[in-house]
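In the form predicted on its own, a lone chain appears below as structure tokens.
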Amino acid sequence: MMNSMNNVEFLNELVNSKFNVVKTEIINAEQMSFIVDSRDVHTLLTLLKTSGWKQLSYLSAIDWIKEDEFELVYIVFNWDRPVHIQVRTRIKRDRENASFETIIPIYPGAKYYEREVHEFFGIKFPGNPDFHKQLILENWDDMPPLLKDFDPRAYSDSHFEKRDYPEKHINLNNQESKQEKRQKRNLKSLLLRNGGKK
């Protein structure tokens, strides 16, 4: 295993010599980020995997609603050269048709990450036979919840009965209320500050 700065220098040279990188960011000695054109993602991930970055640690997305784009973020890791690499790219934010070709042929474990991204952001992954299957949000019937224009209050109001909560809460476990302890402590503190006067 090489030291971390040598790993960062190695990666910088490896990626920037072969790709037209939009932006390289050295986050620290254990993390780097490369922003690339969407057409280069599969080739870059293949290069990284054959260079030892064999573990896909995570895949997620960011909704840049004002720019009308999604950013896909792939994080890969190498146990011999311990540097996490973020591969980032932007695609068109189209709520109905946003899509990006699957990376399952490169990282088979992406199958479930792509399902999660589809579920939370609506991005389709052609080539992944299961991307459309629900993974976490069982029976979800609204727009993907991590889109910036999703309104959680409206969803809650339309799907759940409105509850009224009493002003006074009843302690059912027969223990002294923490609220009462807090009030006593605050009163004691007030008395100490004011020389015994409320």
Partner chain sequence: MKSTKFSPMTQEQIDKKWWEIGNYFRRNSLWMLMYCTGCCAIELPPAMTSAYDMERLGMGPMATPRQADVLLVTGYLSLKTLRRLIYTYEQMSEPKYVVGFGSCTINGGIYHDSHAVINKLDQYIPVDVYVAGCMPNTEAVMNGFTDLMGMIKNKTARGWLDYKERNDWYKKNQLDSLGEVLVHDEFHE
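These figures come from a predicted structure and were not determined experimentally. Positions refer to the first chain, counted from 1.
Another form, the form predicted in complex with its partner chain, is not on view; read the next lines as being about it.
26 to 34, 47 to 55, 143 to 151, 62 to 70: which one contacts its partner chain in the predicted complex at 4.5 Å, heavy atom to heavy atom? Flagged stretch: 143 to 151.
Taking any heavy atom pair closer than or equal to 4.5 Å as contact, tell me whether residue 115 reaches its partner chain in the predicted complex. Yes, residue 115 lies within 4.5 Å of its partner chain in the predicted complex.
Taking any heavy atom pair closer than or equal to 4.5 Å as contact, tell me whether residue 39 reaches its partner chain in the predicted complex. Outside the cut-off, so no.
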